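There is one chain below, alone, in structure tokens, taken in the form predicted alone.
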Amino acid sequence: MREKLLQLEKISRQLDPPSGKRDEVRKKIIDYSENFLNRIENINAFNVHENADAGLLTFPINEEPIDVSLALSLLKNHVDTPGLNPASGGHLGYIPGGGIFYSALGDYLADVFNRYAGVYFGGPGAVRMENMLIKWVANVMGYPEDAGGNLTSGGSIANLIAVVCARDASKIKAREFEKAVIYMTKQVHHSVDKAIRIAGLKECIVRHVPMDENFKMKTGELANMIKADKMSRLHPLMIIASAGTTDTGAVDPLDEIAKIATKHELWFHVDAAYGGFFILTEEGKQKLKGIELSDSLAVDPHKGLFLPYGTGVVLVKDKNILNQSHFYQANYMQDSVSASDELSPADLSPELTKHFRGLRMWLPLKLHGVKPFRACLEEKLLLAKYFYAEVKKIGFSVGPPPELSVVTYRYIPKSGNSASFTDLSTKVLTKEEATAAENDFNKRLIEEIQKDGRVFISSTMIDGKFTLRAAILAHRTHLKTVDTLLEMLGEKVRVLEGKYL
């Protein structure tokens, strides 16, 4: 048996390479990453791909190792090249954000030391750091110092934790779910719908509150809905507002909603995953007024603080509710009970095994300070206003003025210029036909932009209209990037219109 153990030990020790081997592999990986960063301004934001990732399948996982150079070649050709490049300043689709360098170093250190960040007994420093960051975010958002919170994997889990807290705080019984009512607009992020379902509230009544022309919740309609539901002996449960919707960047009137929630004793949750950290700017403070009055909120540092994907925050004003909803004590963890100097993250979320996310947030905040984060956010707000003004000058129809950093716009082609209709100039279009022609043109337009690849934009459907979006939040997006997009839009429109004239 000893001989077998020594044989296995010799093989298993390969998992702990010696210093020389670490130096060799680390140098090649650092060189690869530095080459990427040094060229980042000249790398496409998007590369059209047809099974470009399939090459990975020719090197399946097996018993024997491959050389690091071959591994990096596979990574470059089949992972880092095809599709969307989220690290690019040209990423103006979806809601971009992350990738700052010091966060990568924080993750490297967190992975090397592998500190356990779930329970204070096991990782007191890691847990204290996370709680310190939660308190900082709470202070930024105007929450009390004794609020509870958790560093999550993103806005989806943050919203789920908050919905569970709202459910439990209401003391509602499962048999009463059919009469419980949740209020939100149709612009709320789909992670909220998922959270409601996963939290066991699928049978609840969901009221979609009407919106104004800027896609903000109409508070008068909200108040009337709540009153009507109470008259019908229903159980109004919670209001979910948005601080920066994904489609348009709209911010619901948070202060007015807070007053209604207080009057009718409803839980008030704000999904600020995208827009929350704009509160670091003076303009953002005004637009997010009332967020401090919520009972809970979700905000993503991997958006507004430009951290890597997988970094969210949930705040709950009453930390006791957060603890009561998520605490569970297992027999094998009885040794950790006595260590109670700090709240343990594992007691405040569904996660027990927890990556040391705090270091990826703490290190850049300490090494940079808050000032460049604030400047970057102010820059994005101004770039959105600039793009909104300039895209109109080249003939685009625009949506509401950008409240944060999302701009919606679409091109209305001249009659006869859509491939969907070959001779529209000879007939009067119905409203439906005109919309279909415009939708087709804008779809072709975005396809041309994505084929070019220098800048990536996305689209959405608003009131049946195919609408283009510029979501300006990547920390590497600057004036040159936006000017490039404007040039591309003008060029592609000319090409498409010329093609179908």
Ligand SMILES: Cc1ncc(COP(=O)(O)O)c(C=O)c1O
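Residue numbers run from 1 along the displayed sequence. In this text the structure is predicted, and so the values were computed from the model without any measurement.
Although it is not shown, the form predicted together with the named molecule is what the next lines describe.
*Asks:* Among S294, S344, N159, S405, which has any heavy atom within 4.5 Å of the named molecule in the predicted complex?
*Replies:* Spelling it out, the residue with a heavy atom inside the cut-off is N159.
*Asks:* Quick one: from V314, A273, L322, A166, grab the residue that has a heavy atom within 4.5 Å of the named molecule in the predicted complex.
*Replies:* By the 4.5 Å heavy-atom cutoff, the listed residue in contact is A273.
*Asks:* Does the named molecule get within 4.5 angstroms of any non-hydrogen atom of E130 in the predicted complex?
*Replies:* Heavy-atom contact with the named molecule at 4.5 Å: absent for E130.
*Asks:* Quick check on H189: any heavy atom within 4.5 Å of the named molecule in the predicted complex?
*Replies:* Contact check for H189: yes, within 4.5 Å of the named molecule in the predicted complex.
*Asks:* Though only this chain appears here, would P413 touch the named molecule in the predicted complex if you measure heavy atom gaps against 4.5 Å?
*Replies:* No, P413 is distant from the partner.
*Asks:* So, G290 and the named molecule: in the predicted complex, are they within 4.5 Å at any heavy atom pair?
*Replies:* No, G290 is distant from the partner.
*Asks:* Of these, 219-227, 100-108, 300-308, 379-387, which stretch puts a heavy atom within 4.5 angstroms of the named molecule in the predicted complex?
*Replies:* One stretch meets the cut-off, namely 300-308.
*Asks:* Which residues from 230-256 come close to the named molecule in the predicted complex, meaning a heavy atom within 4.5 Å?
*Replies:* In sequence order, G244, T246 come within 4.5 Å of the partner.
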